[in-house]
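Have a look below at one chain only, the form predicted on its own, in structure tokens format.
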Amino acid sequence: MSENVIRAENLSRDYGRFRALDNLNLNIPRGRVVALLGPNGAGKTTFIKLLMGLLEPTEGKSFVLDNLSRALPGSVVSKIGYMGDMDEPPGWSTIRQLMEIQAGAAAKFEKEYFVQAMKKHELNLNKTYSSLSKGQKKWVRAALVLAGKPDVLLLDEPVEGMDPSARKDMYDQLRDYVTDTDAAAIVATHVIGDIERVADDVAIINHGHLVTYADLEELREQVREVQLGADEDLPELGDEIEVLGSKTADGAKIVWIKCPEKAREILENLLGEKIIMWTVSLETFYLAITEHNSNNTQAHLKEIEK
């Protein structure tokens, strides 16, 4: 199955005179883990809350599982695994009570899955939520989501407060779940290195604008970092090759470019053998278009063809 289970159409949200999200269009099919990246205040949390129907859009609309976000029936809500960054259960609740509440809300909730997840992390079901560490709270909430066997996962900073080993374990479980069930997941995070390892796609929001949505593997193939002398400039690259951003440091000029495969030979001929060029990580690409692009508030990079 490959239908789009998450759709946003000209989606915008204002807070007073401030536009937090501006004219966002996005389609996400089943079987994809999407890394949702952006600086603080970029609009990531607003987007997730709009998808959940927790906020009213100022303009446009969004759909989850073919239902309008602001009118999601209970049968559809039970198929969505939502984990908000600041939305926590009452501290006096025990883990067992949270399990029972979630089991009543999610039709496909598997108690045994949840119980085994708690045993794995040595969490007693009778412990109160407030007695847990920040990382333990994340494990409980993530296990509640996954035990519900959702078709769509909307996760806002799911690994914040976890150590590197725990973050890896969390994302491995998410990756396995999406692969096994053909679900779709959006993960908003600042820890780029961890999510890059398991994500299929990347969506970057900056100043409320979706500046790129691309297949991560194709992005790795297309984006290059070019190193020039401090006084050198790139030659005219043509319409198919796009400059994403640049910076000058330590006597050198660094330029990031996006070049489709069909234009690779043209690029290499234009730059010549003396110019250093290499592939970049997702984090480098992210910084190139959010911090080193002088026009990043208006940047709208084209979606790379899937």
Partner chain sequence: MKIKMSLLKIMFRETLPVTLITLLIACPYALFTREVLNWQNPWIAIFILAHSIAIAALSGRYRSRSFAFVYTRGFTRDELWFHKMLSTALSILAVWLPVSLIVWLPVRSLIQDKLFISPYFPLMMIREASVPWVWLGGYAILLPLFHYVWIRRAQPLRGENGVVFLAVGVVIVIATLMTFRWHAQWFRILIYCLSTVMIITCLVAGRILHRTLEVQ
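Residue numbers count along the first chain shown, from 1. Values in this document were obtained by computation on a predicted structure and should not be read as measured data.
Omitted from view is the form predicted together with the partner chain, to which the following refers.
This chain is drawn without the partner chain; in the predicted bound form, the residue among 117, 98, 211, 178 with a heavy atom within 4.5 Å of it is 98. Exactly one listed residue, out of 102, 189, 136, 206, brings a non-hydrogen atom to within 4.5 Å of the partner chain in the predicted bound form: 102. The chain is drawn here without the partner chain; in the predicted bound form, the stretch among 47 to 55, 249 to 257, 262 to 270, 22 to 30 whose residues come within 4.5 Å of it by any heavy atom is 47 to 55. In the predicted bound form, at least one heavy atom of residue 87 sits within 4.5 Å of a heavy atom of the partner chain. Although the partner is absent here, residue 171 lies well away from the partner chain in the predicted bound form, with no heavy atom inside 4.5 Å. Residue 193 falls outside the set of residues with a heavy atom inside 4.5 Å of the partner chain in the predicted bound form. A residue is said to contact a partner when one of its heavy atoms sits within 4.5 Å of a partner heavy atom; residue 144 meets this definition for the partner chain in the predicted bound form.
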